[in-house]
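Below you'll find only one chain, the form predicted alone, shown as structure tokens.
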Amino acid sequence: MLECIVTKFGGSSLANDEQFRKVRSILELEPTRRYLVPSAPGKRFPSDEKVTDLLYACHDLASAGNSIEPQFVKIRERFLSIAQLLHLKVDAESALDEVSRGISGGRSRDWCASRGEYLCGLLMADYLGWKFVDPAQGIRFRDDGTLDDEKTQELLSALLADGQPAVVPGFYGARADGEVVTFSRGGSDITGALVARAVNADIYENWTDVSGFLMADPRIIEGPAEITSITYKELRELSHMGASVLHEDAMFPVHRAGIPTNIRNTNKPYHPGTLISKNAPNEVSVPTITGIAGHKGYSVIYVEKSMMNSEVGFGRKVLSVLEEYGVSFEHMPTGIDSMCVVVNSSSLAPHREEILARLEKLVEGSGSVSVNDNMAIIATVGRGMVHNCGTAARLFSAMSRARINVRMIDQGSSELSIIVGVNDSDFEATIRAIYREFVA
């Protein structure tokens, strides 16, 4: 039986008073849901504005010496409407005045942006009758802006040690001097994971406006199948290729602690969503593949040099050139006298000519360097690949039938994924061909 559940609710789940009511009803369905991490209110309708975007706009106005009222009035109306319609006792007007003075008085951009979560947390704590915990007291950042993981665990665990139900706003923490620092956008996911680890939760529920993960992009595959369970390793593979509704950095605190994460839909509270766990659950039948994801816009740097395999350190020299210009590589298939380095085209573009000139010096007189652009990379991921013979054969046969030319093949030693490179123009067709072979 579960004893402690930490819940995080995204901005769309807290957009107005009706969504606040949905959140409370979800919490009441399971008494062990004792911790809530809220985001700032999101859009109520497609043309609406997110509170965080309004706060950034207010900061920009104040920085330019202009009045923030044209934007702040929208923020004030949002929070006062929620407070009034829910008949809250908290002095929302005074809290909003304090935020307005802070922005106009020159508080930092991070402080201004964090006030959406702060205000939402105050209102939600009052609505639920729970304790309010300011993450500025429990989530510690170093002076260089990076998270102090160990100190955060110590402080947050102490703040929540009494076991009282608590609301801990997402997205921000503070340095030792008290100056507020925010995570990147979507960082409330990280806060939720940190809270789950701090209280040693049985499960971390991440509530949003989708019912978990899909096996493929619905813009490419019509009505793709849902992923009911996935391991953190599989999620890491897929999220790197962009197929995630969860902030990538939020996986690590709960992964290390062995805490499962459940992606749930606020508007469909009885849907089981997607369960992410450290080890695969005990399933009767494990599907061959878990998901398919990919990106366009890669370039392949092809380096050829005679007797490359016998020159110790040659690969390091090639990668050192890229490192010097701040370009990271995605994949690196190699041969006896050649190596291919796959990089993001946008990161290569600013220093393309300098990088190629440096690489040509490395092979001068005994090789060549060239670049091929417009390549897409597609990852087919699944823990079931290890136990199902012929997976690669099926995948490449499906691509062959669709008359798709394979430009690159790469498979990790874990056998968890098969990476293929194709022309950008074949990106969608490749995903459809693989999906039809293994799922449809």
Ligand code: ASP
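Position 1 is the first residue in the sequence shown; the rest follow in order. Nothing here was measured: the structure is a model prediction, and the numbers come from that model.
There is another form of this protein, the form predicted in complex with aspartic acid, and it is not shown here; the text below is about that form.
Taking K278, K361, R101, R185 one by one, only a single residue has any non-hydrogen atom within 4.5 Å of aspartic acid in the predicted complex, and it is R185. Although the partner is absent here, S39 sits close enough that one of its heavy atoms falls within 4.5 Å of aspartic acid in the predicted complex. Residue contact with aspartic acid in the predicted complex: Y204 places no heavy atom within 4.5 Å of it.
In the predicted complex, at least one heavy atom of T52 sits within 4.5 Å of aspartic acid.
Partner contacts here mean any heavy atom within 4.5 Å of aspartic acid in the predicted complex, and among 157 to 165, 185 to 193, 84 to 92, 268 to 276 they occur only in 185 to 193. Heavy atoms closer than or equal to 4.5 Å to aspartic acid in the predicted complex belong, across 112 to 137, to one residue only: E117.
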